[in-house]
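What follows is a single chain, given as C-alpha cells, in the form predicted on its own.
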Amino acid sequence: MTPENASRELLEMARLAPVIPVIVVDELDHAVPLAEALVAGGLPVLEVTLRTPMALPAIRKMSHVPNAIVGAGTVLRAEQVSEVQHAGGLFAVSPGSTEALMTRCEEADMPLLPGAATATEAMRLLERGYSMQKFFPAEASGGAAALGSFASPLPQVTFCPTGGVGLGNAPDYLRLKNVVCVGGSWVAPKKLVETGDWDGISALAAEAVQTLSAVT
C-alpha cells in the first residue's frame, strides 16, 4: 500500500465520526461490550492502544463487533504490524514515525496514521506521501493555536490531534480547516470501563457526536 492510499483510507475512516476513541484494555472481558457501547453511541472507529497484554486479544474480539472498525494505537515497532494484522486490526497509529515502521506498513498493506509534532516532521511525512497525520502530543505541542498555524504553509496535510484532547477543547481543534477528527480517551474513561457502565460510555459517545458534529 502506498502512503497516498493509506492516507486516503484513513481520511475516509476519520470522516465517519468526529472522535476516534483511544482505548486501553486491561481485562479481555471488557473488549466486546466496550466496543459495542462506543459503536452504539455513534463512534465506529476504535483505536486500541498496544499498552497492555490484553490489547491484541481485545482487537481480535472487537473486530467481530458489527460496524466496528478496529485498529491499533501506540504501534512502535515494525514487527508489531504483523501482530496487529493477525489480530484483525485494520489500521495502525503511531505517536511518531520511523523508516522501519513505515516501510513495514507499506509492505503489509496496513494503513498507517503516523504522528508529527512539528512542521519538519509533517513535511517529512508529506514528502513520503502521508497527507493524513496524527498531531501528537496535541496540547503539549501548542494545542489548536499551533496546529492551526500549520494550515497555511501545509494545506495538503490533514490532522487528527490526540493527546490532552477532551470534550472541552475538541471544538477548538475541529474548527480548524486542517483537522478532520480528534482522538481522545474521555469517551471510554477507566472508571466506567472498570465498573462495566456500558450505558454510561454510550452516553458519552453520543454526547461527543452530538456536540462535536455541530462544530465540523
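Values in this document were obtained by computation on a predicted structure and should not be read as measured data. Note that residue numbering begins at 1 and tracks the sequence as displayed.
Although it is not shown, the form predicted together with a small molecule is what the next lines describe.
Report the stretch among 167-175, 183-191, 56-64, 144-152 that approaches the small molecule in the model of the complex to within 4.5 Å, counting heavy atoms only.
Contact-bearing stretch, as computed: 183-191.
According to a 4.5 angstroms non-hydrogen atom cut-off, is residue 11 in contact with the small molecule in the model of the complex?
No, residue 11 is distant from the partner.
At 4.5 Å between heavy atoms, is residue 163 in contact with the small molecule in the model of the complex?
Yes, contact at 4.5 Å.
Could you confirm whether residue 91 comes within 4.5 Å of the small molecule in the model of the complex, counting heavy atoms only?
Answer no; every heavy atom of residue 91 is more than 4.5 Å from the small molecule in the model of the complex.
With the partner left out of view, is residue 136 within 4.5 angstroms of the small molecule in the model of the complex by any non-hydrogen atom?
Yes, residue 136 lies within 4.5 Å of the small molecule in the model of the complex.
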